[in-house]
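Next comes just one chain, in structure tokens: the form predicted on its own.
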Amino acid sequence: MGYVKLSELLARSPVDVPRLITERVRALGVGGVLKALGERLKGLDEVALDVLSALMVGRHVVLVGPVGVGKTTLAEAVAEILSLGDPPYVEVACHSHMTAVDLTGDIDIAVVLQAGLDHPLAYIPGPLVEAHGRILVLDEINRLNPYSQAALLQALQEHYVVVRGYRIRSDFAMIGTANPSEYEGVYELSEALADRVKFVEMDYPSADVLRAVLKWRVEEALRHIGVEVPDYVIELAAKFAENLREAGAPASIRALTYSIAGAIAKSWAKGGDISLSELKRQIRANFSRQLRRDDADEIIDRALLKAANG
């Protein structure tokens, strides 16, 4: 939002964000929104409708699901399609060391003493202030510690951000993403914060949808190279994912996409067709560290063997 004087922020008027979102949906048409979304993501129409219906009635949303199913991409796509401002949304990659000040911004006392409280550099707004009138995307919201959660709750609850006693108006719609609670490095959202959001589950897609999503994503990744994506490669990767999940391990669609695309790109660079051995090598490289288990390689090899023989 650039440098702005504190007095200008203090003079802000309320913004009816749910009304703006509804007007955008009405202007684009629900079909138009889903069509635009389908150009970036496949098989997520129902989830997108859950998100839109919540935002239109003033409900904030948190997308919950395993790694690699497209939570962040969906949040960004919806925010960009709605395009309430320029830029269309504000995004924050949350982490456990993020402070409340990181979210609210703070007044620089040294600047205030030298140049006055209304100097453009006296207050640098945080994302909770920058998102006024727009959509705020909080990626991995459940990595926020309780102190940062309290600052977020205040903004959601009161529509104000308080910085050293100054109340700055901030109206926004929030789309958060969250990994399941059993993942490392996450916090439970406070009861008060959880009560103010709608949790939308993003389940792993069915086998048919997964094949379609993988083929589409890999083709997108390889479009500039101009090579074909063999169906048998997609089939093997989909079976591998199913076997991995049956073994109780996550099967990231993102990791699968890059495994296939990497194998095809390397084979192309070497002047030959994709080999199953190269695909298997790429899958091991993309998944072995992601699983974070002592028996990760063994699980991956078993799932690959079963997929190849199936």
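Residues carry their position along the shown sequence, with the first being 1. It should be emphasised that the depicted structure is a prediction, and the values quoted were computed from it without experimental measurement.
Below, we turn to the form predicted in complex with a small molecule, even though it does not appear here.
- The stretch in contact with the small molecule in the predicted bound form, judged by heavy atoms within 4.5 Å, is 253-261, chosen from 277-285, 253-261, 54-62, 239-247.
- The candidate spot formed by 133, 169 and 174 lies out of contact with the small molecule in the predicted bound form, as no residue has a heavy atom within 4.5 Å of it.
- Not displayed here, the small molecule is kept clear of residue 199 by more than 4.5 Å at the level of heavy atoms in the predicted bound form.
- Though the partner is left out of this view, residue 266 does not reach within 4.5 Å of the small molecule in the predicted bound form, counting heavy atoms only.
- Looking at residue 215, you'd find every heavy atom of it more than 4.5 angstroms from the small molecule in the predicted bound form.
- Using a 4.5 Å cutoff between non-hydrogen atoms, residue 72 counts as a contact of the small molecule in the predicted bound form.
- Checked against the small molecule in the predicted bound form, the candidates 28, 49, 67, 36 yield a single residue with a heavy atom inside 4.5 Å, and that residue is 67.
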